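Below you will find one chain, with nothing else, as structure tokens; this is the form predicted alone, and questions on how it binds or moves follow later.
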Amino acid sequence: MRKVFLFMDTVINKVDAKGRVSLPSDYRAIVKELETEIVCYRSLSLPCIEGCLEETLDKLATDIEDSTDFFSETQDNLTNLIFGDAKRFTFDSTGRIMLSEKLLKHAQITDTAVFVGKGRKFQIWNPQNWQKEEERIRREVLKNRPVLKKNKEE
């Protein structure tokens, strides 16, 4: 049985003047155990940074290729914005990664960052922006409670 690795929890960490921030210890443990790197890029629709394992980004590449025409404008746009923007990050001996100025500016992060686990990916937010987004999400979910369908094999 394959072991499951999910990014979970919400963690607030300081960002130093050079843009270095500690990756949450649970996240580092996943990266270390899988002997891989994380990849980060600017969110397409939100003022935050998206992060995931490289294998997750590989799956996204396959999904985009399988669902769009190879030479389509849609595929060009998605791949330009995601893969043209993505960067691999390794963490230093203290568990920090150095976020680029482009990523920090997009997410409006200065001295504090909030890591939000999202299963196979995570996001990095400015704390005030995350608080507003979390409140919006909670209102939306309570207003439109999702119904999860049971697996037909059960």
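Only a predicted model underlies this, so the values are computations on that prediction, with no experimental measurement involved. One rule holds for the numbers: they count along the sequence shown, beginning at 1.
Form predicted together with another copy of the chain: not shown, discussed below.
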Review point. Quick one: of T112, S67, Q108, Q128, which gets a non-hydrogen atom within 4.5 angstroms of another copy of the chain in the predicted bound form?
Key: S67
Check your understanding: How about R96: is it within 4.5 Å of another copy of the chain in the predicted bound form, going by heavy atoms?
Key -> no
**Study point:** Partner contact for R28 in the predicted bound form: another copy of the chain, 4.5 angstroms, heavy atom
**Key:** no
Check your understanding: Are any of the heavy atoms in D92 no more than 4.5 Å from a heavy atom of another copy of the chain in the predicted bound form?
Key -> no
Review point. L104: heavy atom within 4.5 Å of another copy of the chain in the predicted bound form?
Key: no
Exercise for review: Enumerate the residues of 36-54 that have a non-hydrogen atom within 4.5 Å of another copy of the chain in the predicted bound form, in sequence order, or give none.
Suggested key: V39, R42, L44, S45, E54
